[in-house]
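Before any questions on binding or motion, here is one chain by itself as structure tokens, the form predicted alone.
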């Protein structure tokens, strides 16, 4: 039983990492752009399929970098031509826009790559268990943890120490003031949106190596990612990471103990947190931490 719980908790940790990466991008876009991006999950799937397409030509490691960047290009076009005209208007407009965009993009993915799920090829040496007793501990899973830790740490460092990061944090607190100080808020919002899409694309590739490819893979992860933001606290990037890991591990353990409640436990945790601490575990109204 103990081995089963360890196995389930580790599986939940890996899934929680995908939630955390998604939630980070969603939280960034929500904070500065003021957009509830329902298309985020579809950008995640797009990043995975782009990596699937280019991997035979450039290899796994290069596709891990190039595919999210290709997704960012499309994301910047969407931000410029579809989302930017809605800034300053009721957030419901952007919510409906991204919801419709998600359905259109998912259908396009089905049209281009097919509706049948496919495995995502990984280098053989990454799929090998590192231990006979801990068979679930593969090189790939360690790579997922390492890459996520590096990306998350790099993002936090960039937000704290780089000019654009400081401007993103300042803009999240008071966009009008930094605009009055001469900062081009449209460029800033575009850059912020691009960072969020990069995180989604990266999460898609990492998830594809674990869960496989399917056009709806992003749709299955988008709602838990929103829950992660709520649990961690809207406006807190660290809270989004913490929320993703919590609900991922909780879901993994529940799958071992009571499988039918594997998804229910995610929303039960959200309900408990909202009752006890409505702003979330690390939430501070509107501030990026």
Partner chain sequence: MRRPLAAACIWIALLAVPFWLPLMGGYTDLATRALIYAIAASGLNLLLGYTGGLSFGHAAYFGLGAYGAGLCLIHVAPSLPLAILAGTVLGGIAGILIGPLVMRRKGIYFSMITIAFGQMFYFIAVRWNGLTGGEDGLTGFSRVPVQIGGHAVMLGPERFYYLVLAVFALVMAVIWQILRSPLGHGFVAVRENPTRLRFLGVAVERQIWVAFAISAFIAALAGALNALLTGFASPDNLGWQLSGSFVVICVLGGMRSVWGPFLGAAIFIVAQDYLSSITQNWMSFIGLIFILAVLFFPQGLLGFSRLKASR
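Nothing here was measured: the structure is a model prediction, and the numbers come from that model. Numbering follows the first chain given and starts at 1.
One more form of this protein exists, namely the form predicted together with the partner chain; it is left out here, but the text below deals with it.
> Would you check whether the partner chain, in the predicted complex, lies within 4.5 angstroms of a non-hydrogen atom from each of 6, 150 and 155?
No: no residue has a heavy atom within 4.5 Å of the partner.
> Hey, in the predicted complex, is residue 176 touching the partner chain, heavy atoms inside 4.5 Å?
Residue-level check for residue 176: no, no contact with the partner chain.
> Give a yes or no for residue 252: in the predicted complex, does one of its heavy atoms lie within 4.5 Å of a heavy atom belonging to the partner chain?
Residue-level check for residue 252: no, no contact with the partner chain.
> If you check in the predicted complex, is residue 270 within 4.5 Å of the partner chain, heavy atoms only?
Output for residue 270 is yes: heavy atoms within 4.5 Å of the partner chain.
> Does the 4.5 Å heavy atom contact test between residue 163 and the partner chain in the predicted complex come out positive?
Taking the distances in the predicted complex, the answer for residue 163 is no, it never comes within 4.5 Å of the partner chain.
> Looking at 123, 119, 129, 100 here, can you tell me which has any non-hydrogen atom within 4.5 angstroms of the partner chain in the predicted complex?
Selected residue: 100.
> Work out which of 74, 104, 137, 185 lies within 4.5 Å of the partner chain in the predicted complex, going by heavy atoms.
For this set of options, the contacting one is 104.
> With the partner chain left out here, work out from 48 to 56, 63 to 71, 241 to 249, 258 to 266 which stretch has heavy atoms within 4.5 Å of it in the predicted complex.
Looking at the other structure, the answer is 258 to 266.
> Are there residues in 222 to 244 with a heavy atom within 4.5 Å of the partner chain in the predicted complex, and which are they, in order?
Residues within 4.5 Å: 223, 226, 227, 229, 230, 234.
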